[in-house]
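In structure tokens, one chain follows: the form predicted alone.
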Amino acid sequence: MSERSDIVIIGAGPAGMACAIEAAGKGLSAVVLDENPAPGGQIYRSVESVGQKRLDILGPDYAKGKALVSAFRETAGIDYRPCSTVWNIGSDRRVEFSQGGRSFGILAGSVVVATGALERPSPVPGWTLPGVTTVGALQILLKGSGVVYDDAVLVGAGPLLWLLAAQLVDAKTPPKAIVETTPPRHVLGLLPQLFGSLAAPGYLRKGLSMMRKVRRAGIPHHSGATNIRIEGDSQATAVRFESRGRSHHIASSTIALHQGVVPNQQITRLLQCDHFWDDSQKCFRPLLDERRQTSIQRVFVAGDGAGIEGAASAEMQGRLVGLLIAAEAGHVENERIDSLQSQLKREASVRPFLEKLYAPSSEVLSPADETIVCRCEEVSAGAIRKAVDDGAPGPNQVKSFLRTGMGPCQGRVCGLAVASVISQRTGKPPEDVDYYRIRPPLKPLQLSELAAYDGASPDKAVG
């Protein structure tokens, strides 16, 4: 006796919620497993519970998540299971997860991976010191609890850097400075990509609006920063860098790093789906067909886990996958499917411009020898290079030599950085170097949770 569902969706962000709404709306049984206690994912975190003041600070793009979450809550037939951690998926599409100290399994007709993105690792000297975090983590604190730091320095590149800075200005706690690795006047060399992005002008207007707000607030802005080092013995005390030919030193106990986001590929790697290297986004992506299905039958990916396109696209992709799966059961809506595909193409038009403009800095792609790359096992870039010189050709061999990727994060944080260091040392392209081989459990799992494994939730088994 096993619990079964037509579709099991992993993640309750915009892609997962939208997929569940469409699939359940067509009469399919849909289980949504999510680690968080409430739906929304990172982008709409806590959107149901924040007050009007924080909604105003976080802006209209965040506030509109309330409608999606409400629709998700109100759609009949969605079996939503918060606080559920997926730790394995078998070749028979049995999704195994823990919840409340016990483990369960569900057999899925289709699996939809909607686990979104992670912030790219930013290995610079001092990035492991207490007081150093990511820009995304600071924004999560703001969304989740309204916590802000009054001396934060934002360091790196990407739209999220400016978005958080603008939100902190509205929260009356502006950042102490923005240290941007994007070269000054870089945009002048991107005119072809800029013209191509005009099909989705809303992103450009929003970006310019955020920059104007931050500059009007008088926030110091340093562009083209290089040689970034975070200082401190037992706690971050300052960030030092060079910009426009001058050396700078900014005292702060809160340094937030950011170099864009990349797909969370842990589950698609676990399932041994085919992946490819996207040189524009400087990351691996799962290979999908026109139905957003991976190389493994009946395993789909919706949202930024398939490639970074943003929250609006993630919701559209979720709806599209839900409709395509429902179409196989006879609920065909070709007009909506065609419309969603056209909207997705338009939304994606801005990506080449953003990816060129906010390309990750060479310093994080090729960290200095003394810089820690694997935080869990405290392995430096120099040690990885030595392992390569000693004969380790890829991430899995380096893992055997040095235990990289064997800590609690299971390679989620260091995986891309390790692959990048190996690629540069060997001269092989990233697709030949490849990535860690991911094995279960995907997340740390207590033995008691495994011992309390039940193939099906007792009150859910349907035979």
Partner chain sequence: MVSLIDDIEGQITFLFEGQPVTARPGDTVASALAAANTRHLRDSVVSGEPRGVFCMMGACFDCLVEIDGVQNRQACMTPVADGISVKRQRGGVEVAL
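Please read these numbers as outputs of a predicted model, since none were measured by experiment. Numbering follows the first chain given and starts at 1.
Not on display, but discussed next: the form predicted together with the partner chain.
Decide if the three candidate residues A114, A306 and A312 all line the partner chain in the predicted bound form, where lining means a heavy atom within 4.5 Å. Result no, not one residue of the spot touches the partner chain.
Going by a heavy atom distance of 4.5 Å, is P408 a contact of the partner chain in the predicted bound form? The answer is yes: P408 has a heavy atom within 4.5 Å of the partner chain.
I'd like to check something about R437: if you look in the predicted bound form, is any of its heavy atoms closer than or equal to 4.5 Å to a heavy atom of the partner chain? So R437 does not count as contacting the partner chain.
Are any of the heavy atoms in Y149 no more than 4.5 Å from a heavy atom of the partner chain in the predicted bound form? Yes, Y149 sits close enough to the partner chain in the predicted bound form that at least one of its heavy atoms falls within 4.5 Å.
Taking heavy atoms only, is K53 within 4.5 angstroms of the partner chain in the predicted bound form? K53 belongs to the contact set for the partner chain.
Quick one: which of 203 to 211, 87 to 95, 166 to 174, 296 to 304 gets within 4.5 Å of the partner chain in the predicted bound form, going by heavy atoms? Answer to the contact question: 166 to 174.
Among the candidate residues S342, S362, T128, T226, which is the single one with a non-hydrogen atom no more than 4.5 Å from the partner chain in the predicted bound form? None of the others qualify; the residue that does is T128.
Taking 4.5 Å between heavy atoms as the contact cutoff, choose which of Q99, T182, T254, S349 touches the partner chain in the predicted bound form. None of the other options qualify; the answer is T254.
Neighbours of the partner chain in the predicted bound form among 104 to 142 [non-hydrogen atom within 4.5 angstroms]: In sequence order, A117, L118, W127, T128, P130, G131, V132, T133, T134, A137, I140, L141, L142 come within 4.5 Å of the partner.
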